[in-house]
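Before any questions on how it binds or moves, here is one chain, the form predicted alone, in structure tokens.
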């Protein structure tokens, strides 16, 4: 349930920590699914899951299109721990933004990060991008992208925790240290960014945050790997960030509710031939 305090803190800080969002059993099933995919090199495929990195690999390995990995991952598409909160903050109900449904998943991936790896500072309200914007207008939220970051391992001090600069989703100016600690810089983490805080999580916790907030991660110094999953949600008219397309096999086995989020512009009963015939009948030449 979304409380008045949740909405206040989200508006103020740009993020919410969702404790115990995933059960112990769900975390175990997801980790077992990832184990089956590894090892996977960048550029390689496991079925319809793609090995990927954002830059040179210092931020770890991404398993893109992770919802293609089986039922434990499909459950995350409309998980009850966050889906109503995501719909509320993306907003658009009763407007053209709901033409094809409430949401679209812009990107979804698991990330495995080891010692010495991190991701630099990125995003912030000063950038003003439409895709990631924070917006509150006419009494409701209208955010371009709401992220759910799920912890699959305990993430405490030294584990490479996600870091955010609270309130930076409303910033009008870039952080004075942005260039030094941004993605691709010589300092690939936000450990020393003034005002940034680490968000420590137990396995099964999740962070809900608007992508406009300045964020990154601390450098992992402890042995072992940090595992997370990120689902990025936006309005239903959005498109895939990296150009991925969901497989027919996935679409055919999803529930109608999940299919609408994964492929909102095609309904459960979509028939392309019938659709073309109807368009021709309505617009004779």
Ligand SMILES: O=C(O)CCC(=O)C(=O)O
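Numbering follows the first chain given and starts at 1. The model shown is predicted, which means the values in this text are computed figures rather than measured ones.
The next section is about a form of this same protein that is not shown, the form predicted in complex with the ligand.
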| Non-hydrogen atom contact residue 220 with the ligand in the predicted complex at 4.5 angstroms | no
| task | May I ask you to state whether residue 228 is within 4.5 Å of the ligand in the predicted complex, using heavy atom distances? | result | yes
| query | Can any non-hydrogen atom of residue 79 be found within 4.5 angstroms of the ligand in the predicted complex? | reply | no
| said: Contact with the ligand in the predicted complex for residue 232, defined as at least one heavy atom pair within 4.5 Å: yes or no? | reply: yes
| Segment assignment from 129-137, 114-122, 91-99, 168-176: heavy atom within 4.5 Å of the ligand in the predicted complex | 114-122
| query | Can you pick the one in 143, 196, 149, 110 that has a heavy atom within 4.5 Å of the ligand in the predicted complex? | reply | 149
| What residues in 15-43 sit within 4.5 Å of the ligand in the predicted complex, counting heavy atoms only? | none
